[in-house]
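Quick heads-up: it's one chain on its own, the form predicted on its own, in structure tokens.
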Amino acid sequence: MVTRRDFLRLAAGAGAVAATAPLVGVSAGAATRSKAAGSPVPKTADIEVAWWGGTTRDARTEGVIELFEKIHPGWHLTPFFSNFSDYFDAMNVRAAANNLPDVLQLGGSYVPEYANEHQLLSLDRYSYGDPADRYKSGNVIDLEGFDTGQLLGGTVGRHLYAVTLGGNMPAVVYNKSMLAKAGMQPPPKGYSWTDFANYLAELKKSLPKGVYPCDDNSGTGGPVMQVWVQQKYQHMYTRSGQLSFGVPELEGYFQYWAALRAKGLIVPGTLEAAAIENGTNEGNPLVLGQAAFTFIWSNYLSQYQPLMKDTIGMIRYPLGPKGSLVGDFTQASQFFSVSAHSKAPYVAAEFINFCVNNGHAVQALGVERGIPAAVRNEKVVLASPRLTASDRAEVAFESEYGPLTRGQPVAPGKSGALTTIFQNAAQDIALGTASVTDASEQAMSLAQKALS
């Protein structure tokens, strides 16, 4: 049997799959399944679908909504789209009023948080993994062959509350064109955090004024702090849901970035604050040509490349000192969940299944949210004529490095608040309004309170 990792390895080496590969889950099959399920299928329904992201994701998702509405002419979907920070500001307000969109995109840490607040509908009765259950009442979301780790990321208390939209892993994205002009190659495989700092110092000598070797990812971008911590500890959180590290480790992490900042090797605090305020891919320092490197997720290669004239590439995160643990991991990039207060949960579940299993939808979404969780859908994506060179580079990257990473345990339900806490601490340090020590102590105190 070919495993998910085996498939990724073979696909990356073989290149494109024949564009004539059959599509799965087309309209006729979907309609037959709905009728056979015996569940109440409304002839008309209006639901809201919400997501965050860049312009590429917006266009792709809008296209899938149009496809879905053509198949179900009586069902109307209203989109809600914004950047990341505005999105969760809006979702938190709406959750307090029990008025979340029928289908909403969530990241991993937000799934247990919203589920524990009784804001999400359990999808157990709407999903199945065994083909024999295909026609049981209400079963519309086909999870057969989905990556188990990604499914666990959407599971809280043994109940499924979120369906993965694709898998990704941490990655350092860099500007190939900029490095070529500087006469340099990216850091070699197996480089360390110290090696990276030395590399940036060398790169700085060849960059034009106003361009910095690296983005300031001390508080934003990818899961930099988590990878850093997990190279020393088994996981960022203990089994009891508390942080596995203390102030000294957090201070050491912030000090690393402070040292880079002092040497002009990362963008200054004002530029980083502007990027955070902008909150879109278009405002990222790498995309704007202000930085040569940024720490982010592997699926961002496909998001950033269409916005840039320069060619970009990816490398793995730096490794810890000799003897360190593996810090990077594979995970579900994003999920779709259904609001516990949705008036049309069956329709919402049908739309989620359409996104992850319908061949036309799978090809339209591509790998922008990550690589599909089931091998059969990966094959459909790789058969797509819309797949770009950066899309295939993403598949090749995960093929090579995914097997070297660890799985990602589910984070505590309150961990979503820590993103803001650590980001604020990083900004205070970058803008000079707090010392590394003071910001670390305050952030740790706030984080411990949030988790308890």
Partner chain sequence: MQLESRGSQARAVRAWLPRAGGLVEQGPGRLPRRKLSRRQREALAAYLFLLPWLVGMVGITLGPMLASLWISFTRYNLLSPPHWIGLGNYDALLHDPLFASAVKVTLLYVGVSVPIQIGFALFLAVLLNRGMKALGLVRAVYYIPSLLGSSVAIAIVWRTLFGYDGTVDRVVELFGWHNPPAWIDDPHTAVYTLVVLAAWQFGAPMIIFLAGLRNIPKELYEAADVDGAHRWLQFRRITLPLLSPLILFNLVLQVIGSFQAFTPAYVISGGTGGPASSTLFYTLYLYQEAFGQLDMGYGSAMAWVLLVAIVAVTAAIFATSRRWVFYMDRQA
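Here the structure is a predicted model, which is why all the values come from computation and not from measurement. Positions refer to the first chain, counted from 1.
The form predicted in complex with the partner chain is left out here; the points below concern that form.
- Here the chain stands by itself, but in the model of the complex one stretch of 294-302, 157-165, 86-94, 172-180, 86-94, has heavy atoms within 4.5 Å of the partner chain.
- Judged against the partner chain in the model of the complex with a 4.5 angstroms heavy atom cut-off, the residues Gln185, Thr194 and Val326 are out of contact without exception.
- Asn278 is the sole member of Gln234, Gln242, Thr148, Asn278 with a non-hydrogen atom within 4.5 Å of the partner chain in the model of the complex.
- This chain is drawn without the partner chain; in the model of the complex, the residue among Val375, Leu207, Ala273, Ala258 with a heavy atom within 4.5 Å of it is Ala273.
- Contact between Asp124 and the partner chain in the model of the complex is not found at the 4.5 Å heavy atom cutoff.
- At the 4.5 Å threshold, heavy atoms of Gln427 reach the partner chain in the model of the complex.
- Put simply, Ser435 is far from the partner chain in the model of the complex: not one heavy atom of it is within 4.5 Å.
- When contacts are judged by a 4.5 Å heavy atom cut-off, Gly264 does not count as touching the partner chain in the model of the complex.
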